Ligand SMILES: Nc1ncnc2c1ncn2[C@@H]1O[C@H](COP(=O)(O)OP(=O)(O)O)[C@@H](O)[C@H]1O
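Just the one chain here, laid out as structure tokens, in the form predicted alone.
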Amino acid sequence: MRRLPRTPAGIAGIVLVTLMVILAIIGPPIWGAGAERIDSTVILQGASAAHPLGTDNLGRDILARVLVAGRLSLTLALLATLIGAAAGVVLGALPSVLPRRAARLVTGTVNALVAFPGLLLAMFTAVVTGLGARGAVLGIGVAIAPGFARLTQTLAASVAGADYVSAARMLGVSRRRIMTSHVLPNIAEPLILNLTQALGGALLGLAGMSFLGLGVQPPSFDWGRLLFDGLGRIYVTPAVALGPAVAVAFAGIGFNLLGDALAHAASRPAVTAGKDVPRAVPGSVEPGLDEPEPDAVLEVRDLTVTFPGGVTPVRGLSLSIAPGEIVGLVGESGSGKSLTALAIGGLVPHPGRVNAGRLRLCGTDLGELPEQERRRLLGTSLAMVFQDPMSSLNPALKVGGQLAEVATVHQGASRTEARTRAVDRLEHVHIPEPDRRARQHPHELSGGMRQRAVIAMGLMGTPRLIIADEPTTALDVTVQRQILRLLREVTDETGAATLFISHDIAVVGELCHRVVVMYAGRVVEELPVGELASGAAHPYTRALIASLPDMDTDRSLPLASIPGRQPSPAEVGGGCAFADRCELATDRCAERPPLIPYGKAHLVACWEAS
């Protein structure tokens, strides 16, 4: 708003809109009597000193009627805009929370309405609902709604795939609450800006409806009705039609200029569109898989994530985590680490498909649970800490309210009880002044505090499994150490199993008990963290360790790196995916090596492991 007056369009828009609002307020009290006064001695006169715009067929002053008609014209335009905006926003937001089939139906309806000419839609609605102001308002509202629906649908798609929306779905939050608390608040600004421009369009549309005889009917009058009444005399005394025409034009131009200026002042980079999050579809247990591990919190066997076109970023992954154990999942970017976490939490984006021979959480097979029970189990037993806390926390809601939502949805707590627990959890993760921080929005917290708040959100329930997906990547070294210490404290205190995902093998070596190394979607090695530095058997694991600089590294030499690049998920062949970058590769590497035991609690997938 501070930048707005500096632009000519902003100044013109503010001036015109302000004048129209003032006119709507003071017009009827000041000129109302003159607009209704009938004088048979001056019927159908042209412009004169006493009547600058002439008189009508009853001798009433046209200028006074133009000034008085501003209130009804603006009021009807505002009502039509609000009706159209409300209907359009609801219609446009529904696809982001409805099941896919219903969402397609709503989207198709919106597309059909957008393709239909707005004026014809308004006229049809006005005729069906009855001639007059009410019919015209409903008609213009119906004509405005498709545009708002299309805009809302586009904006809602940009936030529907955000982590905080996915988390709300996983928690079992109702569709209505997702729409009102998570989607609409984050797209409200552009909708409000568009409302100003739509108001100008509604004003012109209503004037057009009244001019065609479908809008305001006598004895009421708006600018469109006055223009209709003066049309027959426009060639004899053009001033009688000039007044209402100028009023309509100035009002429409003013609202459009103001809307454009507001949009320009508030413009920002577009948000990448998200996608719907489908439920994971586990497959049947294949022959030869071992028996379930009754003590494991998480047990995954033969997990595969596929996308259309044969793209398979996760291939046959198996792992298990015991209570109180921290397992590190490491590998270069694109190795499938984050997709593994999303698959476990049921958050793989559409059109990805998840299949698993076994996917058990807390001894329960997720594939055998109904959707509602599955969400309840994930919402209470699984805590996910993502890399970017700003994508996990809803920027439109206060931190305490977001934490309290877990307790109200899954634990049946009252709002007061949930807030008290939220403050307690914030204090538990060492956030200073937790009561004040709970009343703040995420942007008011530092990066470290936001990450602590996300961990606190996971502790609102009683998590049995914590998945931390590179939670320290965007933090400085000091805060990173604090977050790692906090994760260990939480694991030791709750006895939860923790899957810590990172590309930094040094951090994993400091925090974890066991390490799982991924490359090109497959597990290539699994070993105790104590053997990581000196007992790694796979060439890729050794290369990762060798690329870490230490205090003895010769700074005059280039940093060690792994030559070549990791193949994309669509390029992985049938043999060892690391063969092209491996110094030990032989002809045998054309065949994919199985993951086999290599000492105690040590597995490796390499023909040349030694």
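Quick caveat: nothing in here was measured; it's all calculated off a predicted structure. Start at 1 with the first residue shown and count on from there.
Keep in mind that the form predicted in complex with the named molecule is not shown, yet the notes after this line are about it.
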Original post:
Given that the named molecule is left out here, which of 338, 320, 107, 380 has a heavy atom within 4.5 Å of it in the predicted bound form?
Top reply: 338
**OP:** Would you kindly say which of 401, 185, 208, 349 lies with a heavy atom within 4.5 Å of the named molecule in the predicted bound form?
**Re:** 349
Original post:
Counting only non-hydrogen atoms and a 4.5 angstroms cut-off, does residue 333 reach the named molecule in the predicted bound form?
Top reply: yes
Subject >> residue 313, heavy atom within 4.5 angstroms of the named molecule in the predicted bound form >> reply: yes
Original post:
Contact between residue 250 and the named molecule in the predicted bound form at 4.5 Å, heavy atoms?
Top reply: no
Subject >> Proximity of residue 54 to the named molecule in the predicted bound form, heavy atoms at 4.5 Å >> reply: no
**OP:** Spot the stretch among 477-485, 188-196, 338-346, 92-100 with residues whose non-hydrogen atoms come within 4.5 Å of the named molecule in the predicted bound form.
**Re:** 338-346
Original post:
Going through 555-573 from first to last, which residues have a non-hydrogen atom within 4.5 Å of the named molecule in the predicted bound form?
Top reply: 569
